[in-house]
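The chain below stands alone and is given in structure tokens; this is the form predicted on its own.
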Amino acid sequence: MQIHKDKELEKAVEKIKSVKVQGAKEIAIFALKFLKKYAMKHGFGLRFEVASYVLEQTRPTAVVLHNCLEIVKREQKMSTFDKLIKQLETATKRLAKKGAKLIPDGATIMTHCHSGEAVATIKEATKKKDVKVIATLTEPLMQGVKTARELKRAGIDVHLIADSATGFFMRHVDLVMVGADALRVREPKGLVNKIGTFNIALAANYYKKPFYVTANSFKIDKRKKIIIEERPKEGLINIKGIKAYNPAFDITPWKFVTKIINEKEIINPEELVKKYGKD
């Protein structure tokens, strides 16, 4: 089989690569829906395994799809796709209710990039509390604009700032709330999230501001190694003769994270590593 001639797979890969589908959870749900149809047509044999591998490698840093595919490969049932999709969708609602309790009334929250889980948590808090949000543009793809638009539609007071201004504004916020692409419990340990998260965590630590991570339990990363996705330099700048580094994610050491909020619990980073980092 020549995988480059598999048109249906190529279209799915392109949607993920072009960031038309973005966010670790959203990518996993999109891929699971695609693979369910794919398995119904082609079965769970070699062709399915190759398609699964290709989709996973399209965005190799995020771990949600990897964890879901491990379950799918083990069970090989059509019902597994629906079960996982439902778990991912309901997890956001459950963690949002837990996380909202950590946001005090009148709080100003800084967030970074676009996280469906962070946005859902902030929205949940505004049902009973008054909050404001400072959202980063999240260069170079400006994904923070999507966050600002969603919050604005929900009637939430939101301001956009440049990524380079996070240190300047940190003294004016009450807490930071971000999402995650992976929660590393093996070396290198830490929060894997959009590039620039580490800088924000350092500023939050300096000003003693709580740094919260919203991430469903499928984001716990037990992989032996992690690949930090490097995107084309053209996504950053396109000047003839000038080279560029364009990593999509960074790793924030756990000591800079206050709490992790998932659908099951609110947990300290040390407890997360101890609980899930053994096997």
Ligand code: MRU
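Note that this is a predicted model, so its numbers are computed, not measured. All residue numbers refer to positions in the sequence shown, first residue = 1.
What follows is about the form predicted together with this ligand, which we do not show.
Heavy atoms within 4.5 Å of this ligand in the model of the complex are found in exactly one of 186-194, 96-104, 126-134, 153-161, that being 186-194. Here the marked residues Ser115, Lys219 and Phe249 all reach this ligand in the model of the complex, each with a heavy atom within 4.5 angstroms. Taking the partner from the other structure, this ligand in the model of the complex has no heavy atom within 4.5 Å of any heavy atom of Asn205. This ligand is not drawn, but in the model of the complex it has no heavy atom within 4.5 Å of Ile122. When contacts are judged by a 4.5 Å heavy atom cut-off, Thr80 does not count as touching this ligand in the model of the complex. In the model of the complex, this ligand lies farther than 4.5 Å from every heavy atom of Thr258. Contact residues in stretch 16-44 (any heavy atom within 4.5 Å of this ligand, taken in the model of the complex) are Gln22, Gly23, Ala24, Lys25.
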